[in-house]
Ligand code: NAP
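First comes one chain, alone, set out as structure tokens in the form predicted alone.
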Amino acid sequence: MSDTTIFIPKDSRDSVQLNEDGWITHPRGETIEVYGPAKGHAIGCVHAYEPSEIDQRIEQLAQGYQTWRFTRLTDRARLLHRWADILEKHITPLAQLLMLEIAKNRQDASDEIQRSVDFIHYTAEEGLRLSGEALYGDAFPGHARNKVSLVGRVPLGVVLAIPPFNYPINLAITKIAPALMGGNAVILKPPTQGALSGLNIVHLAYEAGIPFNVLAAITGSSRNIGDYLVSHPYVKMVNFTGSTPTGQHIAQITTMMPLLLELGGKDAALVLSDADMTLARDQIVSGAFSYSGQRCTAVKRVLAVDELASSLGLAIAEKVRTLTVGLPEDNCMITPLISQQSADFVWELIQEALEQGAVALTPVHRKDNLIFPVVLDYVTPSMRIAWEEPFGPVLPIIRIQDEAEGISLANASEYGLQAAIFTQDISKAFDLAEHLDVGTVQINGKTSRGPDHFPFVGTKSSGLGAQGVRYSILAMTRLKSTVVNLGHV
């Protein structure tokens, strides 16, 4: 097997084949080309599903679910472990595909796949440890012990998993693995930039023995098939990661359906006067600029007390100047953004802030969709960049008088994903954490997701529901009570 391509059998039941360049494609009907953001040329194409094809595929899943839901937990776990083992053998070619498809650097791409492997193994084991309970009637006044409720969890049905472009393998697997372990069937709707990666991991799942009628990848433009999938009568849950407007739209068009939504963020790093400056600098730069800032949990604004803002800003800028900028295959930290449109939006926010009085501490430079990392000081709450999520390599510094103002500014955002506090006073850190209206507070560390068994939660416009291995399994199953009526006791 080549270490630069993924082999998909030509007799695959999903009709996915290799094209002349070695990448998977779909030979029939209308196709969508997938472009590599680093070089701008097509690297492959995927099939654009029509509604009738979607109906046929989802009906297969609905039928397969009826068997899968009664498959023993140990058998589900065995297949997941096998899938993880196969993925691990394909880290090198899958990482190569991520570099081409989303311009993620080599190390980060490899890390994403290894993290996914570990996630699947952990999910398989965690699913075996979930247990129910027995409740006796006499625990409630006026009832006898002759009633016993056996409480367990059952699957929901067909789960629609929609990951984003920035982690097309990991955030697909964090949806698929818990859903399968919980007994559900799964539709993967990968993003166009990430569709090749999504198709490959699904076919490697088939190679592991996960049934064809339990897991499917449906590709196509979200504009054309997104609403059709989300509102399909066989779909019993939607697990979505992406933009807040899209998440809100999904919530509006679904009715009486469980949702798990991981949306946007404007994560703040609150730096107090007693913070360890070196630690704060290193964590903030890593948190803000990893994968060019294209992460929902990226540090997207620094709230620094005025007495140290200047020195902190200069320290951050000095560190940022050492970041490598260029192509993903060169393992650069700052690589081209996912699209020209995304780069245009980030550039617009930077230019508007500069026009309104922000000061750039690093060179402001752009080459097509590659934007060099920018640190902006003297950003004020009147600027758009203080509130909007850029999803790019730009870090605004907002000066505050004290921690109370910092908490107020952090909480004024429509988003509530994460926040970071840098201080050497742990008591103060816990007190401030209580007042931050976010899902997770990081103390003396960058905002980030994981470890993956930790709960991952968003408030306000940042999401709905809790993720993390155990929490995801719980979210994609429901409680069911069976009451046994015994003889009089």
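The shown structure was predicted, so the numbers you read here are calculated from the model rather than taken from an experiment. Note that residue numbering begins at 1 and tracks the sequence as displayed.
In what follows, reference is made to the form predicted together with the named molecule, a form of this protein that is not presented.
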| query | finding |
| --- | --- |
| Sole residue of 313, 416, 155, 220 within 4.5 Å of the named molecule in the predicted complex, by heavy atom | 220 |
| In the predicted complex, the one of 68, 422, 49, 456 near the named molecule [non-hydrogen atom within 4.5 angstroms] | 456 |
| Touches the named molecule in the predicted complex: residue 101 (any heavy atom, 4.5 Å) | no |
| Residue 328, heavy atom within 4.5 angstroms of the named molecule in the predicted complex | no |
| Residue 389: touches the named molecule in the predicted complex, heavy atom cutoff 4.5 angstroms | yes |
| 4.5 angstroms heavy atom contact with the named molecule in the predicted complex for residue 189 | yes |
| Segment that reaches the named molecule in the predicted complex - one of 143 to 151, 302 to 310, 371 to 379, 162 to 170, heavy atoms within 4.5 Å | 162 to 170 |
| Residues of stretch 334 to 362 in contact with the named molecule in the predicted complex (4.5 Å, non-hydrogen atom) | none |
